[in-house]
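First, one chain by itself in structure tokens, the form predicted alone.
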Amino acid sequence: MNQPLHPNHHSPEPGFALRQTLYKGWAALAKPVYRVLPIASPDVISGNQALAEGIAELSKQGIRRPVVITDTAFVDLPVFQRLLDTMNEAKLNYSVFSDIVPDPDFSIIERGIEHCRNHDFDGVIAIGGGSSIDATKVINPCARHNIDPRRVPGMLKLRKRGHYFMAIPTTAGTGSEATAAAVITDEQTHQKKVVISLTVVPELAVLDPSLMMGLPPGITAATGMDALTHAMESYLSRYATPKTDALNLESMARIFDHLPRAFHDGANDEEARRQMAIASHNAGVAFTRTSVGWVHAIAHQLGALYGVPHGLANAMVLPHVLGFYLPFAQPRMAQMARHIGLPGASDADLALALVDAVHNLCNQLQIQPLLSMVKEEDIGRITRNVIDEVYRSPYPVPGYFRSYGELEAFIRGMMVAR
């Protein structure tokens, strides 16, 4: 088995320890609030006719002037023309904003807001990956209510709903079509800013596996591992509930069964694409309620500093963080292992088998969990940013690093891991 990374032990730093204690207290107080927050889930249309059914529902809702928000590359794909043909048949007076790029920044959001206002829009359609859907979550309400998007990052600062919002994911990974969060990059600091709001969840999610058939293997792998990260971090969250547990366990099982199939034969295996779309969506529903953890915090830094795509960054970090969690979450990790059918005589054996299974899945998907892009001179900055994100956000993780030095050692370990 692959041996999990364990950082060198460091004595607790006094200031760090106090900050951690205060955070744990705040996270504990927030737990019952998260349990009762009125977080909506979108209505879902799924299947290989879902696109046409979604546009029909849009028309039924009285939407006549939607803006389609997508990325710069997606507009050249045949599946995008399918969307336009379907809207033309429905006689919708649509406009297309296609300036979204991976990890969109606030300047792009501002251009999208201006585009929507100029079109006098009454609805939005986000089609593409998580970046397009996240951008739409912020563009839509800010355009409708004349809100400065730079003022909405944080917890529940965006309180007004936008117009009717239909999300069409074309990758099975982010689950963004189901979540109450959006990640936008600050182009000045190059840091990711998270907008958490009960008002940004789309009204309708369209899960059409036929739109995902042409996805390249590398993107299939990275986005699929993103979905697995969501399910695993959500299951290990201290905010987990029986409902989120059920969603997450089934998502994990679907991903282990169907992601290798989608990776190797995604152009033909529509059932694998369909199962991955369901897994991604359900994991998105779950982690909206439970939040995420160290994997995402570290992955966000890889994206901000080195341009590593988010799903790939999560995949590279996930097996190492699972190794770190072994002393803290062995029983829960053993439950995960049992559900996906791993062998083991004890909880300890099963938890180790789970770490090994994630390493093996990465190997199958040709993903190397090695942070070779990290520069030594950046480690201090990365560590501070990771701690700031975890302690600023409600990341109710099962285990904590005891000092900045311990986290720094952990990151160095990922740079040289086999």
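Note that residue numbering begins at 1 and tracks the sequence as displayed. From a predicted model like this one, the values you see are computed outputs, not experimental measurements.
One more form of this protein, predicted in complex with ligand NAD, exists but is not displayed; see below.
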{"property": "Candidate stretches 82-90, 151-159, 336-344, 225-233 - the one whose heavy atoms come within 4.5 Å of ligand NAD in the predicted bound form", "result": "225-233"}
{"property": "Option touching ligand NAD, based on a heavy atom within 4.5 Å in the predicted bound form, out of Ala329, Ala143, Ala240, Leu215", "result": "Leu215"}
{"property": "Proximity to ligand NAD in the predicted bound form, single hit among Gly129, Gly112, Pro202, Pro319 (heavy atom within 4.5 Å)", "result": "Gly129"}
{"property": "Ligand NAD in the predicted bound form reached by all of Thr244, Arg289 and Pro398, non-hydrogen atom within 4.5 Å", "result": "no"}
{"property": "Thr170: touches ligand NAD in the predicted bound form, heavy atom cutoff 4.5 angstroms", "result": "yes"}
{"property": "Distance check, Pro260 to ligand NAD in the predicted bound form, heavy atom within 4.5 Å", "result": "no"}
{"property": "His281, heavy atom within 4.5 angstroms of ligand NAD in the predicted bound form", "result": "no"}
{"property": "Contact test in the predicted bound form: Asn248 vs ligand NAD, heavy atoms, 4.5 Å", "result": "no"}
{"property": "Interface residues of 72-96 toward ligand NAD, as seen in the predicted bound form [heavy atoms, 4.5 Å]", "result": "Ala73, Phe74, Leu77"}
